[in-house]
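Just the one chain here, laid out as structure tokens, in the form predicted on its own.
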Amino acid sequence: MSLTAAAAGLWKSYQGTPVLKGCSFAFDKSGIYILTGQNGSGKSTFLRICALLEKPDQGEVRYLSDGGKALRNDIQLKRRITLVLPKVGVFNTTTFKNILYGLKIRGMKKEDREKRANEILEFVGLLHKKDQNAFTLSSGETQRLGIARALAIGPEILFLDEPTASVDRGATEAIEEIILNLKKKSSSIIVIATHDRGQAEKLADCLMVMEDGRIITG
């Protein structure tokens, strides 16, 4: 593992209402971190800030290299992390080309990105859907495609915000299996926000609970 992260004293308010109140937590070991809590408790806000998509009012998120050196918040760092949102947006093209896009803009050679796309689609169980238009996928398949696009670029820290929201039980189990298989085959840090306590207990190496705008361990 070459990248770790530490959130320190994060505060965030919207229209004068505090959502985060001094949240601190370190993601310093590979494995699955689960953030749970009631809907509206600030889980999504915490993930967006940690994924460098939103700035806190106070506090900071530090990303550290192997040697403990703080890394600059630049495009190179942002390419090493990614966030998958609850409602995945897809391009109006094939499932296969949805995977290729992120690899192409990173400059990967055509034969390499096609090989990578096939491998990732097989990993998430969508290889048989590679030529199907992404707009025609089921909600569960669309969510798996969103995870596949994220995995294709090889993030060292993967944030998943309610990855099984609005999908049926079968799709939920398929996504949970993808997450567990990812843990087995990589040394990545996986951070998941979910309101499903049963799912949290099933997946978590480290359980965090959001209470009153702060994070405690479960």
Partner chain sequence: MGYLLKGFREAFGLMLHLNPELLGIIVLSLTVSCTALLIATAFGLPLGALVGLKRFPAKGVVISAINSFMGLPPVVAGLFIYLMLSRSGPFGFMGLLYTPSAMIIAQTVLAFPIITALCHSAIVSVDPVIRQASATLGATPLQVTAAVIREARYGIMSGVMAAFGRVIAEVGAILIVGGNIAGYTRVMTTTIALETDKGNFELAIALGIVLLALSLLLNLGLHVIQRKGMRGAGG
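Residue numbers count along the first chain shown, from 1. Computed from a prediction, not measured in an experiment: that's the story for all the values here.
This protein has a second form, the form predicted in complex with the partner chain, left out of what is shown; the following refers to that one.
> By the heavy atom within 4.5 Å rule, which residue out of 87, 115, 128, 109 makes contact with the partner chain in the predicted complex?
By the 4.5 Å criterion, the partner-contacting residue is 87.
> Is it the case that residue 48, even though its partner is missing from this view, gets within 4.5 Å of the partner chain in the predicted complex, heavy atoms only?
Residue 48 belongs to the contact set for the partner chain.
> Is there a heavy atom of residue 81 no more than 4.5 Å from a heavy atom of the partner chain in the predicted complex?
Yes.
> Within a 4.5 Å heavy atom cut-off, is residue 102 in contact with the partner chain in the predicted complex?
Within the cut-off, so yes.
> Does any heavy atom of residue 165 come within 4.5 Å of a heavy atom of the partner chain in the predicted complex?
Residue 165: no, not in contact with the partner chain in the predicted complex.
> Which of these stretches, 146-154, 63-71, 172-180, 24-32, has heavy atoms within 4.5 Å of the partner chain in the predicted complex?
That would be stretch 146-154.
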